[in-house]
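The chain below stands alone, shown as structure tokens; this is the form predicted on its own.
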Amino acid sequence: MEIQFAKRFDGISGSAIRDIFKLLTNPAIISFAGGNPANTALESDVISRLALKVLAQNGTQLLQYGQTEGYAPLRESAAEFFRHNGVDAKPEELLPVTGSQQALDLICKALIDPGDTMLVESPTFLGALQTFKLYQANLVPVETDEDGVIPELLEEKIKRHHPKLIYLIPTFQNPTGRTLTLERRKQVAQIVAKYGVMLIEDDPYRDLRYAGEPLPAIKSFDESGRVLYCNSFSKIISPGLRTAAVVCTDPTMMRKLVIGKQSTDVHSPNLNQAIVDAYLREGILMEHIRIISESYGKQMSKMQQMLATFPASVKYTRPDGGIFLWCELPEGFNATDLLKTATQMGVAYIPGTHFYTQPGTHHNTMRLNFSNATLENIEKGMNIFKELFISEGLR
């Protein structure tokens, strides 16, 4: 007798990124596939020192059960840190979570019933799409351009589809690297207030800026309490600590998130929260961001320089920061089918089709990550791509 699985898994194939990671056990393969920070950016000595420090100071409490609402000192220090993003949140308006992915899960748990409509950028983060699909949301894409989501189209689709929730990555977007302009941020805040729609602002890359001026979060223009601001310490401290936070200024919504988290993991690990809190309180994070951004900027420039040597038919984004570039090959080229050959040649990427709400489309696109590759490997890997594409008839 076959196992009868929940219908929510119908059509869910798993994370393309995680599946491709299985191909990368061979150290000879150059990977542009993940979203990892550089190994050199992971300060194991600093984390080790901070872990010993917080355990010496408060070890018994950290090793005991904690509050679902989070480690109180982290709520204070993270709220203070987010103020440089223009997000003026009180500690009680901030919920530490086990990675931003959990924030998305908890928000959907609180708001989405099967069949409810969500608006998402097209393309958008495949991990978010997987979460939304598991909650059986009706996903409606909103077109974007070089300046991010188009507010007029967003408003038009709100009127037409009456969504319960919107999901945007406004700064150095995953997968394209694009950034929503200041004027559009203000417009989006006005639109969600006008129509009473909840908006998830997912902002994990905003501090990884290599050029241009920082922009305030959409949340900084939120006067209705409809914007849920998510940020993570994964890209700027450590992804393995799985420490992030969601800012929610509506007390009723916050209570729903806390109740949902109680049944998910009771609370995020106290020790991990305390390590991140200590990191923030020592005042060393901004200097660390400056150092890794200097390196990432060189890696991004190198990848763009290599792409500039490709035939002119290859289009790619030119962001001011983040960790991704987005490439579009001519129509007829199938980056999804070419992945197997590419990995056999020693290089990997994520086919762009996985970032769209409708599977089996946009096969001529691909996402490239540069933050976890050396300059030497970027040059070598991109030359392999060029050789592959030209051999397939790219002109």
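Since we're looking at a predicted model, the values are computed, not measured. The first residue of the shown sequence is 1; numbering continues from there.
One more form of this protein should be noted, the form predicted together with a small molecule, which is absent from this view; the next part is about it.
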Interface membership of residue 169, the small molecule in the predicted bound form, 4.5 Å heavy atom rule
yes
Does the small molecule come within 4.5 Å of any heavy atom of residue 99 in the predicted bound form?
yes
Would you classify residue 275 as touching the small molecule in the predicted bound form, given a 4.5 Å non-hydrogen atom cut-off?
no
Test of understanding: in the predicted bound form, would residue 244 fall inside 4.5 Å of the small molecule by heavy atoms?
yes
Could you tell me which stretch in 144-152, 196-204, 289-297, 84-92 has residues with non-hydrogen atoms within 4.5 Å of the small molecule in the predicted bound form?
196-204
I need to confirm a contact call. Of 136, 187, 117, 234, which residue comes within 4.5 Å of the small molecule in the predicted bound form, counting heavy atoms only?
234
Select from the listed residues 179, 174, 249, 268 the one whose heavy atoms reach within 4.5 Å of the small molecule in the predicted bound form.
174
